[in-house]
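A lone chain, given as structure tokens: the form predicted alone.
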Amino acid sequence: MEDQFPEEKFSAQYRNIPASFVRSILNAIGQQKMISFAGGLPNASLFPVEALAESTRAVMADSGHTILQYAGSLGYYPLREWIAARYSAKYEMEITPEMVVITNGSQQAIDILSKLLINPGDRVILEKPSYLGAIQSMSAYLPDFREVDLLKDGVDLSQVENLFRNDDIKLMYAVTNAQNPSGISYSLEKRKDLAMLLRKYNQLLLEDDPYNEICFGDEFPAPVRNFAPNHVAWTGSFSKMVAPGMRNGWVVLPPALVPHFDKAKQASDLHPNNLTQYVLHHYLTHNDLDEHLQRIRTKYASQAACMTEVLERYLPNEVQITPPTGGMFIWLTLPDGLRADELIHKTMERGVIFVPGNSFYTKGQGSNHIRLNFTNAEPAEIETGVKIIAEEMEKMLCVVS
């Protein structure tokens, strides 16, 4: 075991987890200077560092001994109250603090719900394409993924209903706002129609919603959870709203599911980070969050517009650009003759990385897609990086022709 851990020791569950291209590539490049459109990184210049520092000082001075002790597994109750109050008012949803569980980012909610619900071979519906982190998390429980097409206004509901009617579906997973990786958002009509199907076929949706506050233009419609509350587990995250390093997210659950989720969660982490919950609650109740969110939206919309303009200026005409409705990503569709998993090797040699589309599918598709992050790059980097990608695309197209 000195040089390499024996493969036969690994579980079937672990072996089924696909590698994260983003994490692998970031590990591989180490400290090299790269223009990265790969990671889903918020813009660090927007982190409220001073306000969080003040909140940390305040809560430690007031409740330090309590904060540093073990705590309840459901999370800090005043923070759960804040979440319930904000989204009850914003979306006119009925949410009580008892329905809210604090998690280690919304990613942990995906993992715990997968642990709670998925047996090997269970059929799980995913959008096509879907969020890589969810694919990884669920894969550990050996599901049988069933992919449905993602249209301009959300999933193809005829495909969803066909699976609900004819397959023994255990769970559906969807990102309904500024979907990762595509950037599209579900229309209000599609949300209502999906909710109707969930009720009709007694199905459960894991509605992953980390970008619900990061919209460009009008506010996003109410979540699917608003129209089928007993059939949706709705997750959210402060990673995009405040700072990802705090690792604070939440899930709003049907009341009957809360004790079971809590039991599964206790086996994972005992309880969420007490210090960051106290700090976050103090920050939220002593600062204007909506003013902060408006700064984020303005900055990200500007960065998205910049990248879109540069892409339109430099990329071959055959490349299709999906304009984002919010969030952090732009999705490209490549013409015949271009493969993202080949292109990435060319651009890496010139100091530019992105995520090939293969990472967001479970059946080997996606080589004709690229996901670009725009929130962690300034205009000069965007122009330089996109120009390099475009030049390498042109070279590959010349070879094909």
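We number the residues from 1 along the sequence you see. The structure presented is a predicted model; accordingly, all values stated were derived computationally and were not measured.
The protein also exists as the form predicted in complex with another copy of the chain; that form is not presented, and the subsequent description refers to it.
- In the model of the complex, another copy of the chain sits beyond 4.5 Å of every heavy atom of residue 226.
- For residue 269, a non-hydrogen atom is located within 4.5 Å of another copy of the chain in the model of the complex, even though that partner is not displayed.
- Not displayed here, another copy of the chain is approached by residue 60 to within 4.5 Å at the level of heavy atoms in the model of the complex.
- Residue contact check for residue 331: none of its heavy atoms lie within 4.5 Å of another copy of the chain in the model of the complex.
- The candidate site formed by 11, 170 and 239 is fully in contact with another copy of the chain in the model of the complex, as each residue has a non-hydrogen atom within 4.5 angstroms of it.
- When another copy of the chain is considered in the model of the complex, only one residue from 188, 151, 257, 321 comes within 4.5 Å through any heavy atom, namely 257.
- Residues with any non-hydrogen atom within 4.5 angstroms of another copy of the chain in the model of the complex fall in just one of 270 to 278, 80 to 88, 176 to 184, 306 to 314: 270 to 278.
- Using a 4.5 Å cut-off on any heavy atom, the residues of 125 to 143 that reach another copy of the chain in the model of the complex are, in sequence order, 136, 137, 140, 141.
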